[in-house]
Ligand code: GLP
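What follows is one chain in structure tokens, specifically the form predicted on its own.
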């Protein structure tokens, strides 16, 4: 495994981070209108999605030819659930731009079998990929996860069903009405799927992500901090 030194950019505030991440997506689409782009969910990229939607509304960009993949989705979960990533992506981005439905891929949280769905999703990634650009967030606290690749995830892992760690569960519980509504697992792109990307940017905001970023940059590369594999 060859180690790379990431380019680190520290910005003054959340808006600056949003603008910086947005510029990567805009530049990629302008350079290659038919790009394949992998997107995250959560609170961190919300500002980026707002800015991208504004760029489209002001007719400065089109996403008509872009193929989008999502990093992950809870399982099992109804697409209509406000807590699903299917709902999140449509509400915050896809339905605000000119992205054709057939160009958007999100793991199916309603699938009967998460393992079969994982294989289908992995086949789609291999068919359309690799991603030209992947945008990542990092898990809170000591999870240091990317996608839902929790502590212990293997470097060679591909799209699969995973059980969520207690820390991830406790952190994300606020997005559900009650604890019983939150799935105990999710379908996620694997580490190898992510690392196949031609370009990767990881964005982080707030003190809750500080430990993970420090661990990823300065610690050993290994499954105890899955985001460290980016190096």
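Positions refer to the first chain, counted from 1. Predicted model only: the values in this text are computed from it and were never measured.
The same protein also exists as the form predicted together with the named molecule; that form is not shown, yet it is the one meant from here on.
Scanning 121, 75, 94, 85 against the named molecule in the predicted bound form with a 4.5 Å heavy atom cut-off leaves one residue, 85. Not displayed here, the named molecule is approached by residue 43 to within 4.5 Å at the level of heavy atoms in the predicted bound form. The named molecule in the predicted bound form is not approached by residue 107, whose heavy atoms all lie more than 4.5 angstroms from it. Interface membership of residue 215, defined by any non-hydrogen atom within 4.5 Å of the named molecule in the predicted bound form, is ruled out. Residue contact with the named molecule in the predicted bound form: residue 197 places no heavy atom within 4.5 Å of it.
Residues of just one listed stretch (75-83, 96-104, 113-121, 132-140) have heavy atoms within 4.5 Å of the named molecule in the predicted bound form: 132-140. Contacts to the named molecule in the predicted bound form (heavy atom within 4.5 Å) from stretch 194-220: 209 only.
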